[in-house]
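Below sits a lone chain in structure tokens, taken as the form predicted alone.
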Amino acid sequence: MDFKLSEREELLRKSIAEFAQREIVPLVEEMEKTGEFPRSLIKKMGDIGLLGLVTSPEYGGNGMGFLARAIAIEEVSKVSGAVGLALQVHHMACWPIETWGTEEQKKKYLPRLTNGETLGACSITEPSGGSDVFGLQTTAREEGNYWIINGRKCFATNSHVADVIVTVARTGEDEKGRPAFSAFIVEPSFPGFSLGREEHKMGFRGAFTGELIYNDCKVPKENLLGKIGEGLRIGLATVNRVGRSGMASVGVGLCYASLEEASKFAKERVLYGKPISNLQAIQFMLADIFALAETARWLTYRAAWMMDQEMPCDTEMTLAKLVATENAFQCARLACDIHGGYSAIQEYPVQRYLRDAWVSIPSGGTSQVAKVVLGRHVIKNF
């Protein structure tokens, strides 16, 4: 068992950290004010390979894999959880297209998604719920050369900036009489598609989150992703393997952002004639943040590594997501405690880390849903 990252992975971390400081940090304040994603950043992320981390070179990506993706999203999220969120959801559009798409679909959409022409989105959640997948109400029916989709999706990240949207709709019933679903590649230019409200979130300000409306939306038949009835399998696999690992990486980034800011403040803040970092109570809190961050990082790296090795890892992905996002909130809370009253001032980023971490917990599946998955695993295997 080797925990040492390769030279390529270490170089990736360094280059992404430098990119984040140079290109993302100057945009954060405006993102916080407007809640809008800086579209100029998309091309820049494409140019350095961030958008194509899980896409094969033959389709425009660099194919570095999921461990590299975890490192990259972590570094991005240290400076902006919103950009980390947008990036990880983008990969939730790339991966299912390459995994289940036809050769024509891969050649048509993946180069656009990797070169910075656009961001992707993956839309499953509806007002009726996200965790209750069998309760999804959006429908699709065949009509001539099209699928006609009707319904409304909500909480879709990258909603107002994406040009490629992987969406799941009900297409009938299976042999047991249960709802059957299929997946589709949708473009905003398709007739009957429109954007609904844009949500104004307490955290992840700058990552578009909004509604997608399908009103007799005409999707060409060739845009069916996978086979009829495979939509639930595609959606769940994408959420668990790509979405949850991505949110875990965002959480890790927030953990280390909190650690760095808390340590910096503690060394600079002088009380009783000495830095508060000399106080044992502060050292204990810093130790707690460090332990929480390291735990989140290595659970996330293990799950990502297992994905790269093509090992079964749904349980490990779920565990990493649960621990990393919950730990991110605890790290940010402790960092705020160390800052005292300054944590309430927007000039200090720890308040942003706290808000982002709070929103990360239900993103990609609530902690309670994760515990249901893990509880079943325990009952089965122990």
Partner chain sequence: MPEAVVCVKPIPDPKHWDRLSLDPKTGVLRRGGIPTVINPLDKHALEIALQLKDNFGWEVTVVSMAPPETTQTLREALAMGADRAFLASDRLLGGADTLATAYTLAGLIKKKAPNFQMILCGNMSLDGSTSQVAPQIAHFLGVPHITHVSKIEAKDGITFKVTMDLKLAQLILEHQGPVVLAVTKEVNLPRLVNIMGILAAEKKPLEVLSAADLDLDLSKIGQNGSPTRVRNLFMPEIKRRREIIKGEPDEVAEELINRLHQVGML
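Positions refer to the first chain, counted from 1. None of the values given here were measured: they were computed from a predicted structure.
What comes next is about the form predicted in complex with its partner chain, which does not appear here.
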Checking L50, L322, I338, C313 against its partner chain in the predicted bound form, the residue with a non-hydrogen atom inside 4.5 angstroms turns out to be L50
Where does its partner chain sit in the predicted bound form: which of 330-338, 313-321, 343-351, 39-47, heavy atoms within 4.5 Å? 39-47
Against its partner chain in the predicted bound form, would A370 count as a contact residue? Criterion: heavy atoms within 4.5 Å. no
May I ask you to state whether F19 is within 4.5 Å of its partner chain in the predicted bound form, using heavy atom distances? yes
Taking 4.5 angstroms as the cut-off for heavy atoms, does L374 touch its partner chain in the predicted bound form? no
Is the gap between V25 and its partner chain in the predicted bound form 4.5 Å or less for some heavy atom pair? no
What residues in 1-18 sit within 4.5 Å of its partner chain in the predicted bound form, counting heavy atoms only? E7, R8, E10, L11, L12, K14, S15, I16, E18
